[in-house]
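A single chain, nothing else alongside it, follows as structure tokens in the form predicted on its own.
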């Protein structure tokens, strides 16, 4: 094996295992986001329970390293990998968007925590319920959730050839994305946002 081939193989291995690690977290995180359909209090209650695990310093460090590895190796594959089939293009371009999303979303959460904010339900809901920021944040989150499942669906199809299950994964993800937006915006009747969260959004987007 050449040095270049060995490096590519290592990148793929790192990308795979960091992806598995993040997929476990994302599964619980999306379940948490779907509880927004019940209400903000239910969402916060579930998040507080989950935080006892993923905010443990060791777990959080592993997740942050996984995010870094996933983004870096994903971007590397975007620029070095040939894309011949539609499935490969879906996998690559959904991965490219996810790298963008992970960088900005994780950065925003860490910045909010550095400012002393509680990055719970209203941290995400603020952008989704304030004009004009909603025109950025609604597609931003919608594409992120849909992108995760499209990426997983493409990988599943390439590994198993199961078109039925791959379609089911993709459709489930798109529906989950829509339901999360519906939950966070109170079925598009919009939510009242606490002053601290409102000020945080207004600093960047106005409203």
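Here the structure is a predicted model, which means the values were calculated and not measured. Positions refer to the first chain, counted from 1.
The same protein also has a form predicted in complex with ligand HEM, omitted here; what follows describes it.
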Residues 133, 187 and 198 all lining ligand HEM in the model of the complex, heavy atom within 4.5 Å: no
Any chance residue 98 has a heavy atom within 4.5 Å of ligand HEM in the model of the complex? yes
Just to confirm, residue 157 within 4.5 Å of ligand HEM in the model of the complex by heavy atoms? no
Though only this chain appears here, would residue 87 touch ligand HEM in the model of the complex if you measure heavy atom gaps against 4.5 Å? no
Hey, in the model of the complex, does residue 124 get a heavy atom within 4.5 angstroms of ligand HEM? yes
Considering non-hydrogen atoms and a 4.5 Å limit, which listed residue (40, 174, 63, 168) is close to ligand HEM in the model of the complex? 63
Could you list the residues in 126-146 that come within 4.5 Å of ligand HEM in the model of the complex, counting only heavy atoms and keeping sequence order? 141, 144, 145
